[in-house]
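A lone chain, given as structure tokens: the form predicted alone.
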């Protein structure tokens, strides 16, 4: 993996700082479904205060592209999913954000690409929920790799 193009899926308190950190060395696409959030970040404002305007302006538009358009992640080779896992009123995890993010990644996933889940989920979610979605939607087969 010489020069990966990295997609960060979800630009909250985990994804945004991660995207900025990777953008100091690599080409990064930050994807989020929240159009207001992307517009604010592109204007240099992080309402969550994870990054300063100076930190945002240093990478946004240079090595970091922020978008709500799935096609913009199509040339990426590494996908890092950093979406929330809220808890329902019955105190069980709502996997909807993880499932939707996995479906989004599946639109761009190619043989040899890498997918990393940074979302807080219970053991087995990656293998039991996410991998079957990726395999079904792409026709690819999962291969566990330790880096």
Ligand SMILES: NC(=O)c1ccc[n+]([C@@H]2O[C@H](COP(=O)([O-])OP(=O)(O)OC[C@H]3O[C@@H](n4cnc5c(N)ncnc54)[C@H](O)[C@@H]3O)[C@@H](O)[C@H]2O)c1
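Residue numbers count along the first chain shown, from 1. Just so it is clear, the model here is predicted, and its values are computed rather than measured.
The next section is about a form of this same protein that is not shown, the form predicted together with this ligand.
Among 53, 62, 85, 114, the residue placing a heavy atom within 4.5 Å of this ligand in the predicted bound form is 85. Only one of 69, 42, 107, 120 comes within 4.5 Å of this ligand in the predicted bound form through a heavy atom, and that residue is 120. Residue contact with this ligand in the predicted bound form: residue 14 places a heavy atom within 4.5 Å of it.
When this ligand is considered in the predicted bound form, residue 80 lies well away from it, no heavy atom lying within 4.5 Å. The closest non-hydrogen atom of residue 101 lies within 4.5 Å of this ligand in the predicted bound form. This ligand is not shown here, and in the predicted bound form it never comes within 4.5 Å of any heavy atom of residue 19.
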